[in-house]
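Given as structure tokens, the chain that follows is alone and in the form predicted alone.
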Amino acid sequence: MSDTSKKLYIETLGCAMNVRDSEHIIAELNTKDNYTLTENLHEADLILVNTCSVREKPVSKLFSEIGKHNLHKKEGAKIGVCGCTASHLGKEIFRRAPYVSFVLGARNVSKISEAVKTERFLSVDIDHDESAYTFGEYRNSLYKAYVNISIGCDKKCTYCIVPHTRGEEISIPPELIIQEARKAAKNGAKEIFLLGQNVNSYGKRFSGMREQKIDFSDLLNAIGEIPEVERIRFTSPHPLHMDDKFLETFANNPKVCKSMHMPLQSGSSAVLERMKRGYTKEWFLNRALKLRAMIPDVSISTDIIVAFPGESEADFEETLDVMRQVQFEQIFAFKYSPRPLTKAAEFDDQIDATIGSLRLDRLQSMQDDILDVIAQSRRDKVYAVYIDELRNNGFLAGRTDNNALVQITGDESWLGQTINIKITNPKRLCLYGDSVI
């Protein structure tokens, strides 16, 4: 380590795309400015918070976190705010937290080196195009590689702030994606995890005059041809773009893991229309049940918003009906949270928070019952588990092809290996088992 190296402390809030953005930030600062990571905030020369703004809670957490960081940082240390909240609050962050040194939006990650060197630096341009920018190399895991395939989002969902923080959708050139995946796989990452706001609309638009006749199914197959890649995952596809070609590629490519995240949001077609999701309850069920028929052991996860403005009790029951029919292996469910710059925040039929809480409790109770049945159905089954994490409690952890989390006691040499594991103690959120020799 160089005597001139500086220490970087980074906190990442939100989604997998933020995790990848943080990896890019770390790589840029390491290669251009000689920063090395630290987990000790007190010794950091630079403290970064990479933010999320999808819901109100992470935004509130931002100001709480940077306030604490400012109290405990060493003299002369800088604090920077990056990510989606930076994009939509911009210079307002300086007003509310004047000790912040710079604000860098989610579409401006490549400017991090300039930001660190410039006091009161502000760059939140959501039209900035980084789709062909080559970032330095850094990954949190040796065994799994996140790879961005697009930036931004063209959807106009009435509840969502993302188009206002990440800009319009642009696909990253396929040759860059394949090059990155190949490099990561040669370095030991047998699992490639593709990221985008709507991955299965990939290929719709490239930067400038570039034209490519490639869609997401073609991209999956191209990455599957890399010999060292054993598993491919992705998030999030949009139900509207789940055509038969996509479902057939998902089912038939042996390297594509059989877990599908299908963001439902609501089971009511009327609510879906108000959300501007572009599909109906019937379309969603058609796609989900077709997946179940094509791949008996497929895992389907989803996102659900309860108490969206105007949601009636009958609308909510439609959501519960979809849950009964699909039997999701995992859900991410939240009460509706009004976000700035969104149409739904202006709707005059907001739902009382108490009703929202009761509906969320009912939904989560139903999901617990579903998960109990699914967990018990996995007892005594043997799964091939890719081991990619060493946990503090002495366990190794990994996931099955269909994304079930498995923990096992074993040798550290198993990291990066696929081990057959018999499930002996299935729980709702994690399966425990023993290796099968």
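Start at 1 with the first residue shown and count on from there. Owing to the predicted nature of the structure, the values given are computational and were not obtained by experimental measurement.
The same protein also exists as the form predicted in complex with a small molecule; that form is not shown, yet it is the one meant from here on.
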> Could you tell me if V54 has a non-hydrogen atom within 4.5 Å of the small molecule in the predicted bound form?
Replying inline: yes
>> My question is simply whether D303 lines the interface with the small molecule in the predicted bound form - judged by any non-hydrogen atom within 4.5 Å.
In response: yes
> Hey, in the predicted bound form, is F347 touching the small molecule, heavy atoms inside 4.5 Å?
Replying inline: no
> Does the small molecule get within 4.5 angstroms of any non-hydrogen atom of R139 in the predicted bound form?
Replying inline: no
> Would C160, F334 and R339 all count as contacting the small molecule in the predicted bound form, using a 4.5 Å heavy atom cut-off?
Replying inline: yes
>> By the heavy atom within 4.5 Å rule, which residue out of K258, R277, K73, R359 makes contact with the small molecule in the predicted bound form?
In response: R277
> Only one of P263, G267, G203, G80 has a non-hydrogen atom within 4.5 angstroms of the small molecule in the predicted bound form; which is it?
Replying inline: P263
> So which of 122-130, 303-311, 244-252, 347-355 is the stretch with heavy atoms within 4.5 Å of the small molecule in the predicted bound form?
Replying inline: 303-311
